[in-house]
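Next up: just one chain, as structure tokens, the form predicted on its own.
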Amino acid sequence: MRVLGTRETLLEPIRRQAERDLGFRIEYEIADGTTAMRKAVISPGAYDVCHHWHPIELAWTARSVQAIEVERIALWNEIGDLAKTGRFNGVGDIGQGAVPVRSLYVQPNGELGAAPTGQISSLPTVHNVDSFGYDPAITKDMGPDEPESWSWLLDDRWRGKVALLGEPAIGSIDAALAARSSGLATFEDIGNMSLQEIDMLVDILIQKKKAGLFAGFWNIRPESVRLMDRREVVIESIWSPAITALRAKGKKITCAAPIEGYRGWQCGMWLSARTQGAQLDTSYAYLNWWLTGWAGAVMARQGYYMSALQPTKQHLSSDEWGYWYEGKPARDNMADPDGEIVVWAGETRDGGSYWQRMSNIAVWNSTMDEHNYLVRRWNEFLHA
């Protein structure tokens, strides 16, 4: 079977273990987020399963994916309420943007919604909150009580040492959070900006770029690691696997817990509309395998959470679970999926526990109504 996705989830150790456990060949096609999304939409015959952090609306509207039958998901009951109901710690619909549950269930009319049915559009798997990473040395330029804020990404104190995520759908959300917290702009819904709001944001960014604020832009994780590792930047949009990769290199970069809240996201596994027969059966087997805990434990070691918490917990040591999920100090050093030490004894995770971090979401990854216009204007910014 063929799986399309990004390098953050399609890890080689996971592919090999899945092959051993399931007994059939699995091929991974790895691309950056934009390329993987485009292929998922326009080439459903090229994959069986797509595993992506991008919201599913584009692929569903294009009829490139098919509904998943809940009755064929053996561990459906193990998936947490955040994914299935949108409620977390007793709070519903945390944050603006594309709250995942709103597009989870296939409604009787074929549209997507939050009302539970026997079919889902995608299987909830990996999720997390993103913000920005920074070299702790920059705190020497701050007051003693200055809170971590998205505004730092547009702060002239670090002119020429800032990098943003170049992917338009979520890079624009990071930038909008920064613009709003800097007092430069206001937005009704950062996850679904109007044409006027997109123009306002891009005009601000072009001005900042021409003033020399940005040192670069990145689209895949290794680029963000390189920028920080070579000290080309001291602050940038960042993902958890990049933080762990930098820590494996001895760079103890801080992952900010912004006072305004994080940008949240959830990966889902989608079934291609073209997948049928035996290929469909193996695809369901692969979806079910992801919920059994082994893959979730690997994801935890690079800072990601899994929708099926208890099976994941069973595949982590008590120390790993305590550090990655409960926010407890590590008792011993801990390794990432490649075996490199990324956590040292006594350290606690930036932002605290799973429940603290996932309860502090300002906005979710989204596909905006004006996505095509956003992409055009974002590219104008990148090439200004």
Partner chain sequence: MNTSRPASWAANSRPRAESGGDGTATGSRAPRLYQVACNALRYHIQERRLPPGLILLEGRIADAFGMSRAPVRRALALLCEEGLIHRYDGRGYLVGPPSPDVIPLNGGLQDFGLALPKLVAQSIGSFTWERIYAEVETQVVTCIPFGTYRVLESGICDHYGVSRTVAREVLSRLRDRALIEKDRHSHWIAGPLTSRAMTEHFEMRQLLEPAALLAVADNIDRSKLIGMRDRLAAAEADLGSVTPSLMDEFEEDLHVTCLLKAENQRLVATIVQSQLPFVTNSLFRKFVGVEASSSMLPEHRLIFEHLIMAAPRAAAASLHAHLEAAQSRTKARLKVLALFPEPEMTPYLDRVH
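All values reported here derive from a predicted model rather than from experimental measurement. Positions refer to the first chain, counted from 1.
What comes next is about the form predicted in complex with the partner chain, which is not displayed.
Checked against the partner chain in the predicted complex, the candidates Val49, Met37, Val342, Ile68 yield a single residue with a heavy atom inside 4.5 Å, and that residue is Met37. Residue Val41 is the only one of Ala330, Val41, Leu316, Ala31 with a heavy atom lying within 4.5 Å of the partner chain in the predicted complex. Segments offered: 23-31, 332-340, 350-358, 55-63. Contacting the partner chain in the predicted complex at heavy atom distances within 4.5 Å is 55-63. Put simply, Asn77 is far from the partner chain in the predicted complex: not one heavy atom of it is within 4.5 Å. Among residues of the shown chain, Glu111 is one whose heavy atoms approach the partner chain to within 4.5 Å in the predicted complex. None of the heavy atoms of Arg16 is located within 4.5 Å of the partner chain in the predicted complex. The closest non-hydrogen atom of Met368 lies within 4.5 Å of the partner chain in the predicted complex.
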